[in-house]
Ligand code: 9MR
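Below you will find one chain, with nothing else, as structure tokens; this is the form predicted on its own, and questions on how it binds or moves follow later.
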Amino acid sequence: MRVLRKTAVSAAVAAVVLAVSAASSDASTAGGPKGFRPPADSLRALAAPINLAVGTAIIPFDLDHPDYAKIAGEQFSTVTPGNEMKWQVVEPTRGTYDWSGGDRLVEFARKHNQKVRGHTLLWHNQLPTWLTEGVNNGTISNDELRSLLRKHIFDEVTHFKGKIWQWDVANEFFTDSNPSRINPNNFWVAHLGEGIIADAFRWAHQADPHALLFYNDYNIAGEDGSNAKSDAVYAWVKEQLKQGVPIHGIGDQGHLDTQFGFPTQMKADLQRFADLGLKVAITEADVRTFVNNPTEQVPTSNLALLAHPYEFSEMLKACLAVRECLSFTVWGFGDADSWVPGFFTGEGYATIYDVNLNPKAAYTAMQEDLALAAHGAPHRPGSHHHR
């Protein structure tokens, strides 16, 4: 248990902090360019010696808030736009692009020596109204829809070419059933067939051959209990690779709930994707639990207070145990801005900072795990390398 290893953990944290501090003359080791240096005990600095990128989705897009921006810059070495690169946002009016949100995040990342995960090119949600209404009323045919998608992917990936480390190319295509399969009622599949997923990867790769291209989904690392969804995605991606589709990685979103317990198959599922020659990543980690109200977000039980950091820790350790796990991203870092209370009635407390942006036990657990991994783990492949 965590209490029994407290002395060892404290020593490991101290050792890693000293090592990072001693290497401070090397900006890349410390995690920042000249003029910016994160604290030696930050998540990103503790993860740097083991070549793991620790990231967050920027939600809300509140980089003008000094406290929010400080945490975002100091603690994380990779950032994901929560909404600013989705089609609904970048092309709200047909033919008129608005790249301002994405450009701003890319610039923030540049100033803080962070990598950027692009999110997302092909998804059934957050599509522009002009597109969905046009398809529904028949003014946009399926052939035109395909052409519009191809143009969207080429335009967006080209706009950010050379600035995106990983793209979530395709997002959430598999059913939650057992057995699982590609959802025939998915907007894109219903109109363009299952092959459109592979086409999206081909188009993205043509537009930026150096970006890592991921398939991203939830419940694909054993979170569904049956492992049915993971099995379906595994079989699908194995076949896509045989056909030469340029898929470079699998992203497990990592949305957990304390009432269901930790998915014990997570490490094995991440590893079997890696064994196919793929990179893997935890892309949207949070751990929700029942709370007293959505404003204060205090857990309703002491058990949840213990389960929350435990599940974050176990999820991070599953990534650490797989050499090809390049990054671990939390889906927003503050409870006040979490998507969970608005989607799961009575639940919240899902992130690693509370509603007042104070670090929670989950933050400390991650800090400890990263320090222990850096103190004694074998070398991991460099997360800064492309495929």
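Start at 1 with the first residue shown and count on from there. Everything quoted here is computed from the prediction, not taken from an experiment.
The same protein has a further form, the form predicted in complex with the ligand, not shown here; the description that follows concerns it.
Exercise for review: Please pick, from 246, 263, 299, 82, the one residue with any non-hydrogen atom lying within 4.5 angstroms of the ligand in the model of the complex.
Suggested key: Exactly one listed residue reaches within 4.5 Å, namely 82.
Counting any non-hydrogen atom inside 4.5 Å, which residue from 310, 174, 123, 165 sits next to the ligand in the model of the complex? So the residue touching the ligand in the model of the complex, by this definition, is 123.
Original post:
With the partner removed from view, which of 115-123, 144-152, 175-183, 232-240 is the stretch that lies within 4.5 Å of the ligand in the model of the complex, judged by heavy atom distances?
Top reply: The contacting stretch here is 115-123.
Any chance residue 61 has a heavy atom within 4.5 Å of the ligand in the model of the complex? Judged by the heavy-atom cut-off of 4.5 Å, residue 61 is well away from the ligand in the model of the complex.
Partner contact for residue 339 in the model of the complex: the ligand, 4.5 angstroms, heavy atom:
Judged by the heavy-atom cut-off of 4.5 Å, residue 339 is in contact with the ligand in the model of the complex.
* **the ligand contact in the model of the complex: residue 205, any heavy atom under 4.5 Å** => Because no heavy atom of residue 205 falls inside 4.5 Å of the ligand in the model of the complex, the answer is no.
Contact label in the model of the complex: residue 223 to the ligand, heavy atom within 4.5 Å: Residue-level check for residue 223: no, no contact with the ligand.
Where, within 241-258, is there a heavy atom within 4.5 Å of the ligand in the model of the complex? Residue list please. Heavy-atom contacts to the ligand in the model of the complex: 253, 255.
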